[in-house]
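In structure tokens, one chain follows: the form predicted alone.
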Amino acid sequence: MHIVVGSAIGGVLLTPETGDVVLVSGEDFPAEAARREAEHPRWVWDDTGRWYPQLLAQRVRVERCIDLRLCHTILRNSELTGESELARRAPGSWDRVPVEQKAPDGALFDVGDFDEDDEPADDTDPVAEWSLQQAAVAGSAEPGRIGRLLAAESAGALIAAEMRFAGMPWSAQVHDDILVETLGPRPKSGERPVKLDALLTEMRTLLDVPDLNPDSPNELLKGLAKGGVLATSTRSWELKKIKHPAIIPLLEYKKLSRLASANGWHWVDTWVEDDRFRPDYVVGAAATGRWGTDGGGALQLPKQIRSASVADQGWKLVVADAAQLEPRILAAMAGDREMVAAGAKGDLYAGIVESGTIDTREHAKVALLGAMYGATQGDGGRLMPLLAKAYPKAIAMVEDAARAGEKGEIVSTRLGRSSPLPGERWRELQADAYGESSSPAAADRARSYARGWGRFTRNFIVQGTAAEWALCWMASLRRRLTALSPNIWFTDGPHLVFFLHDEVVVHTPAELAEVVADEVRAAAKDAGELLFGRLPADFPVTVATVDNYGQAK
């Protein structure tokens, strides 16, 4: 059963599949939703972030949903539904996508020209949009495939809202202790921490530049030049090549400065409340379907502060990450049984060495990452022919994706998320290269840009399918955790509190930690079977049960 949720003046419209329309007041919506949830419907609404938090605030949890806006973006751009009415329609209000959803050249998904100031098409009716989406899926050559993706994406939206509601356990006191030990006492507003100030004094003395400003890249380059240090960049890996006594304190200053600005005292004041860190996750933020965050930096938590994530008294954190996920995804996608077999014993890179393909584990890792990211030089490029000979199906898959991208074509993930088309700059360069006034320089620029887009599509199919696997993993784990404690509010039992691409953290009563670890592994198996059926592809996860997140690494 599906229930479509929409807005009305003074209330909420509920439209069951029977066609009945029920209007409830906004304040009565949580109670009505709780009553109807007993029938196990799939809720259909325009935006999970709009409707679900108000239900959670009233302790109403839903089992399933369809997030129309997330699904619209997938269906609009998927090659599986490219001939649908939804895909062929002029852009409208459903086509607004997050800023993060960009391809390498900055181009948004190619849904036509859409300006925020334009009058959007009158397509905000969720019932009408739901009908269009159903028709797009039904008309696809592979409705089961794209349908699984829509369900997984929508489940991710529920999980994101629940993780924000529950929050990740976080001790502001422990965080402060870490900052004090690393940076010195909390400074007054506008002042540097004492350890940064000491490093700045040391740099200024060593360079004999009293006004050195390391907080501005341009000013830093000028200051270094005044001190006789000719640097072309302020990137740490570039600075490490320079032999000057001021470089060591400069590199330390940059590291501590990043901590102070990104995760310092202001971060704690802003994002930690009642010993919980509650970031705003953005589902499907990247073109590949990877998540992002709208503030809080949850996907870039530095190791220095992870020990501030402390489980509650009598609870544990179960931390799990999928080992070597992307290369395993590639092997399974390609149906390359030789590569699948190489990873069957646990360590895929060691398995490649054991097969006699490549001499060392490090070389195997470099070669395989090079295959997925398009390395043409160094060890990655040198070892590619060995990989291609041993694992022809896997290497052919990424090579074919790269060639498609170079020609400006679309590629798709296992479940049907398709890559964006190249942007206007790509088209301009290709036109210049093959027009009447073309030149060798223009041809070189076009080829360089085409190869860059090919590297994007090469990795798109792998990274995007890995994101799908992670969604299925979390959806299965969410269901399994609920089954462990079915008759209590979800935050009173084991529940997801953190997600980072191929890693999850579950906060659980200590007595259930071992069972939760088993469920994490079982959910990974579920995800592999959902995407790849009976292919004997393993997706092992490393699980650690800890008192604080820092102990897991």
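Bear in mind that the values here come from a model prediction, so they are computed numbers and not experimental data. We number the residues from 1 along the sequence you see. Under this definition, the rigid core comprises the largest set of C-alpha atoms superposing within 1.5 Å between the forms.
Keep in mind that the form predicted together with the DNA is missing from the display, and what follows is about it.
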Out of 254, 414, 363, 278, which one falls within 4.5 Å of the DNA in the model of the complex, going by heavy atoms? 254
The listed residue (124, 173, 355, 376) that reaches within 4.5 Å of the DNA in the model of the complex by any heavy atom is 376
Does the DNA get within 4.5 angstroms of any non-hydrogen atom of residue 463 in the model of the complex? yes
Can residue 459 be called a contact residue for the DNA in the model of the complex at 4.5 Å between heavy atoms? yes
Non-hydrogen atom contact residue 217 with the DNA in the model of the complex at 4.5 angstroms: yes
In the model of the complex, residue 553 touching the DNA (heavy atom, 4.5 Å): yes
Which of these stretches, 389-397, 296-304, 312-320, 198-206, has heavy atoms within 4.5 Å of the DNA in the model of the complex? 296-304
Would you give me the residues of 248-267 that have any heavy atom within 4.5 Å of the DNA in the model of the complex, in order from first to last? 254, 258, 261, 262
After superposition on the rigid core, does the Cα atom of residue 140 shift by at least 2 Å between the shown form and the other one? no
Is it true that residue 231 shifts between the shown form and the other one by 2 Å or more at the Cα, once the core is aligned? yes
Given a core-based superposition, decide whether the C-alpha of residue 240 shifts by 2 Å or more between the shown form and the other one. yes
